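In structure tokens, the next block holds one chain alone, the form predicted on its own.
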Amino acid sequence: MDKKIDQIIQDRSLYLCLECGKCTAVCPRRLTGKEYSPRLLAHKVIVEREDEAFIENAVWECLTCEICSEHCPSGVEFSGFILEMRELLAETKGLKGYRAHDGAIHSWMRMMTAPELKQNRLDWLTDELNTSAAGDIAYFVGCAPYFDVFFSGIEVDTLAIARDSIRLLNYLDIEPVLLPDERCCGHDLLWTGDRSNFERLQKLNYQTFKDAGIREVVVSCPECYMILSEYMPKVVPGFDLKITLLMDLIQQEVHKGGTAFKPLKRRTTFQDPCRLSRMLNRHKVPRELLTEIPDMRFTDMEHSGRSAICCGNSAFINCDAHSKQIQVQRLTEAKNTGADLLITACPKCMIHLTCAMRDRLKQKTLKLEIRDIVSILADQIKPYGG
């Protein structure tokens, strides 16, 4: 095990750590009073590895938001280190970390690894949405059909993202294929150390795409896009699919000229998903698109873009009082911009921030409408000639 840890340290550049503490200074967990320090974890795993209890606990406390790497002067890949350490600890010691909602979400993801699985995941489709039974381009729905059932108590509508994504694809004269037995992208299994089931999902999804004759997969969720574009090719030999982020497609259409949007008289701000803004470096794309909408008053939060604070959770672990405090602070930042509409690009940001609004002491001051950027664009885009 020590040799594997040494290799992880080497691969993720932890030996370059200067112990300057810049990572700890910006860590959202630390800023809420949690006794957590990326710098200290790096130190422990390099020179005090006998402190196994500290290391094993700290590996699971990280939000993997990557803001520490954003400020690291040495290029330490801390999130990558956390990812590989979780895989190692899960494999060698059976450690799983704390799982929110009793691990129910991770359980349904593992259930999807059954090859014979049959699902009823497309009953949300309506007549005005044009899809194809066969074709080259598929739209990847992800876990929205399950999120909306599981989180029905907080009245979150992540399926609206899927519906509005298809509306935008139809605007582009694309009638996507929707696969009835598509599986979860596996993001949360990967980031909680369950590498074997994650790889099963990759192979099953890929085979499903290939069996249907799909050549291009369009996704609207940043996590799904990152997994399918960056991780699936590493798992599947001969990978030859084109993975496209819907936001990029719309941006390309805007750049062509001729695309117009209806006015929206709202005061808005944007919650940057960690995967989109830092890991995928797409923080400018949503802002460019939103500025195309007339009459919208857009104001960035104090922490925005690549410096944005995350929604307080990742892969449905670490849901605790400190996560809730991060979410409350984020909503407070949003309210301080004067916005009455908070726009994001990740269904999990929508879920976590909507949940935080139920804070009994601050419910009235935190209340804010949250919508995905896909839905905003779908509502405001003008038909050609319209």
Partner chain sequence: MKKVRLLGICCNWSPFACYNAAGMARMKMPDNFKLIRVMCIGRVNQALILRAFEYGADGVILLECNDEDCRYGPGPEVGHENVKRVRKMLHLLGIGQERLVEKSFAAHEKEELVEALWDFAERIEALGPVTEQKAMAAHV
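Positions refer to the first chain, counted from 1. Worth saying up front: this structure is predicted, and the values here are computed from it rather than measured.
Not on display, but discussed next: the form predicted in complex with the partner chain.
Site residues Trp108, Lys118 and Ser152 are all in contact with the partner chain in the model of the complex, judged by any heavy atom within 4.5 Å.
Not displayed here, the partner chain is kept clear of Arg267 by more than 4.5 Å at the level of heavy atoms in the model of the complex.
Using a 4.5 angstroms limit between non-hydrogen atoms, Met112 touches the partner chain in the model of the complex. Shown alone here, Ala104 lies within 4.5 Å of the partner chain in the model of the complex, counting heavy atoms only. The partner chain is not drawn, but in the model of the complex it has a heavy atom within 4.5 Å of Pro145. Comparing 94-102, 278-286, 299-307, 213-221 against the partner chain in the model of the complex, the single stretch with non-hydrogen atoms within 4.5 angstroms of it is 94-102. Among Thr259, Thr158, Asn197, Thr244, the residue placing a heavy atom within 4.5 Å of the partner chain in the model of the complex is Asn197. The contact with the partner chain in the model of the complex, taken as any heavy atom within 4.5 Å, belongs to Asp123 out of Asp123, Asp295, Asp127, Asp240.
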